Structures are given as structure tokens and as C-alpha cells.
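The data below hold one chain only, encoded as C-alpha cells and taken in the form predicted on its own.
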């Protein structure tokens, strides 16, 4: 009986946590379909704000910048980070442990400090601000996440699998493609999703390194809220959240991260 009560309390607690997390998102999504600009109730269902969003070139341009930078960041950081994690896994060299420890400070240091440091450094070396500077900043932030995630996957990797493939006459490129890469695929995909999320969601670095007229979606949303909030922000936020959740659910379903159910 006591175990049943504890189990019931645990389920209630879980439901309350989920409600706390998702209620604001649900309200925002519902209000994106409300015809009124002032959130009057009852809700009058309408696609008015989605139509207004389709004609808002500033938000659409910022969203395109965010997607473009996030995709490039994901590609660059995933390739470089995976190569670095393989180097850490396969080779022993002086300073290896120190380099691995240095992966954590960029994650722990507040992004406000990191953004200020990047702004000063980029001006000092002549890079300045703009989309190219934002791309470099996002890659620098995403790299530690990629290396840590792929390195965690490599902890369970058996190097003897590669030795067995080579003993059968497989060239190095085939060993990597047929043995190493399939094993790394779930970790590589998880790391890529981390990199995309870090880049697409990044506000502080983008705010410091953007130039007038060229910004990302988080910066544009912040600017729009300061000038006067409109439900168009609800509309674009709902689209982004819906796409993100669909992508994550699809990936989780494809790779069965939760394991097989019996």
C-alpha cells in the first residue's frame, strides 16, 4: 500500500513538472491562433498572425539567417568535433588530459562573458562583426558539446573491431565507413542535434556579433519585444517549437533511444 502511494505521488509530481514546463508553450501556441492582438478571451480562432508573419520580411530574413548559420555550424562542428574525439580516443600525447579538461570551461563560462571576449578578440584580429563572425562564434561554442557527446559514445567502442576488419584486408577508408562510422552514428547524430540547438538558440553571441540590418531570429525576437510585442512572435515561435519537437521525436523513434519494448 505504501509503495502504491509513493508511486502515485511520483506520477502526480511528474505530471505537475510537465505541466509547469509545457503550459507556457501551450498558451503561446493557442494565442498564436487568437484573432485578438490583446489576448482577449474566449479565443477567436484565426490564421491572421501567420498571414502577418508571411509578410514580415525582417523576421523571415532573421529566421533564414538562423537556419543557415545553424546548419553550417552543425556541419563544421560535427566534423571537427568527431575528428577531435577520435584523436583523443586513439592517441596518447602530451597535454591530452589538459586539452580534454579545457573543453568544459567554455560550457561553464557565462555566455555574456564569452560574447564580450569574442567581440573584443574579433575586432583585435580584424574579423569584426557580421554573419561570418557569428558563424565562427557558434562553431566555437558548439565544438565542446560535440566532442563530449561523441567521446562518451566512443567509451563503449572496442578497437579490436577495426583490427579484425584490417586483418581481413579492408583498407582504412572502408574500416571507417563500415565499422567506425556505423557505431558512431547515434552519438554523431546526437552531437549534431546539440550543435544545431546551441547555434539556432544562441542569443548572446549573436547579439554581440550581429550588425544592424543583419541578425538572427533570437535577436530579432528580442528587438521586436522591446519595440512592442505582436502575436507574430507567437506564430514564429510555435512553428519553431513544432518543427523541433517533430525532428526530435522522429530521431528518437528512428534510433530507438529508449530501447526496444517487449
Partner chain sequence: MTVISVEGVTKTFGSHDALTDLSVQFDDGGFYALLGPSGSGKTTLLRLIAGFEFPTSGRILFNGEHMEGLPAEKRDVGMMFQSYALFPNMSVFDNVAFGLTVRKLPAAEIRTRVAEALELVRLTGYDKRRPHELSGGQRQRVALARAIVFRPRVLLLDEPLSALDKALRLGMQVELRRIQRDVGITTIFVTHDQEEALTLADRVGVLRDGRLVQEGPPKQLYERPASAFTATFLGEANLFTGTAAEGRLALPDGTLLTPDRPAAPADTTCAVRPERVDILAPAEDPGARNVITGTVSEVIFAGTSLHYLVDWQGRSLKVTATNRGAEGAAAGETVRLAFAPRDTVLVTP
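Positions refer to the first chain, counted from 1. Given the structure is predicted, the values throughout are model-derived calculations rather than measurements.
Absent from the display: the form predicted in complex with the partner chain. The rest refers to it.
Although the partner is absent here, residue 155 sits far enough away that none of its heavy atoms falls within 4.5 Å of the partner chain in the predicted bound form. At the 4.5 Å threshold, heavy atoms of residue 116 stay clear of the partner chain in the predicted bound form, well away from it. Proximity of residue 132 to the partner chain in the predicted bound form falls outside the 4.5 Å heavy atom cutoff.
The partner chain in the predicted bound form is approached by residue 160, whose closest heavy atom lies within 4.5 angstroms of it. Checking 128, 95, 171, 105 for any heavy atom within 4.5 Å of the partner chain in the predicted bound form turns up a single hit: 171. Out of the listed residues 179, 136, 86, 80, 179 is the one that sits within 4.5 Å of the partner chain in the predicted bound form by at least one heavy atom. Only one listed stretch (138 to 146, 179 to 187, 67 to 75, 116 to 124) carries heavy atoms within 4.5 Å of the partner chain in the predicted bound form, and that stretch is 179 to 187.
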